[in-house]
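For reference, the chain that follows is the form predicted alone, supplied as structure tokens.
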């Protein structure tokens, strides 16, 4: 009995060892390992492409060759202030491969940011693997800046021609103006007047029209394959929210500030409790504007690029086709989200202006 069990045990161990050895030398296992490594490299490449689209950069890349690593586009000027003014083209970094020496300092491009290093290009990292090297004051013309200038110029030319069309044709627009006139009237009649009031709305119309069309056109530009992500950059949404905040505070009348620090019709103990909360709300409102626009546009871009990346990961008719259909549907929704986010930002700004100029009833 014991001999039979011993023979069974030895036989089982022998089979396990044989399978392990054969698995190590089995070509199919090696193929599976190679496929796993290829899939891991593909996922890493897709993640890098998504980060490249979301982040700002010092160059505009239209497309790249993954095999040769060559990128097709153009570099932008880098402007650094560090013991003097240093201006050079981003191509000198060679996509982060080269160090740039200016004014006795060495600069390295790492993950779309410029750091000061030594002559060897050494970077120090913290526990989260973020560089701790000193960064110069960076005033460069980045891809985001170029995109902002492009959208601003487009708005200027569009509405300058629209204004000239009004003058020439007796307040009747021609051409593309017929498309934009109903939108302008909608912002005036459905956003500005109801929220600000007929007495004060006119002095805010320029700003409301500007932010609506700027955000809308920027969102549409972000859907294109150019890799532009203006409103997905929190610095841009911060600047827009800051302008709304400044206009609101400088427009505030006596009644506005009284409702913040000493609310009428409220018992004194409650006034003391509510005053800090109301004051905090003054800063929370523009913060919500900033985060809402940034989060929605960034999330939309990440989802679309992730679905497109799944086409290459599945690499079959069913999975790739399903991913393509989902990406197409989400892209159509992005067209709606583009104008919806512009509308929300504009109507909330008008609402804050209305609070600031409201008369005491």
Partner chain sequence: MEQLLNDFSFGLFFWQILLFILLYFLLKKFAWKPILNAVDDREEGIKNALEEAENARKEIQNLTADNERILKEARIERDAMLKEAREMKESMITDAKDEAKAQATKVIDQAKTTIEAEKHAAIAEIKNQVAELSLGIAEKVMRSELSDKNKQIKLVEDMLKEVKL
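Residue numbers count along the first chain shown, from 1. Just so it is clear, the structure is predicted and the values come from calculations on it, not from any experiment.
Below: the form predicted in complex with the partner chain, not depicted.
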(request) State the residue from 160, 83, 91, 101 whose non-hydrogen atoms include one within 4.5 Å of the partner chain in the predicted bound form. (result) 160
(request) Counting non-hydrogen atoms within 4.5 angstroms of the partner chain in the predicted bound form, say which of 240, 228, 191, 78 makes the cut. (result) 240
(message) Heavy atoms within 4.5 Å of the partner chain in the predicted bound form: which stretch in 92-100, 264-272, 116-124, 183-191 meets that?
(response) 183-191
(request) Run the contact test on 195, 257 and 281 with a 4.5 Å heavy atom cut-off to the partner chain in the predicted bound form and return yes or no. (result) no
(request) May I ask you to check whether residue 166 falls inside a 4.5 Å heavy atom distance of the partner chain in the predicted bound form? (result) yes
(message) Given that the partner chain is not shown alongside this chain, does residue 130 nevertheless sit within 4.5 Å of it in the predicted bound form, heavy atom to heavy atom?
(response) yes
(message) Under a 4.5 Å heavy atom criterion, is residue 210 part of the interface with the partner chain in the predicted bound form?
(response) yes
(message) Can you tell me whether residue 199 touches the partner chain? I mean in the predicted bound form, with a 4.5 angstroms heavy atom cut-off.
(response) no
(message) Using a 4.5 Å heavy atom cutoff, which residues in 118-139 contact the partner chain in the predicted bound form? It's fine if the answer is none.
(response) 128, 130, 135, 137, 138, 139
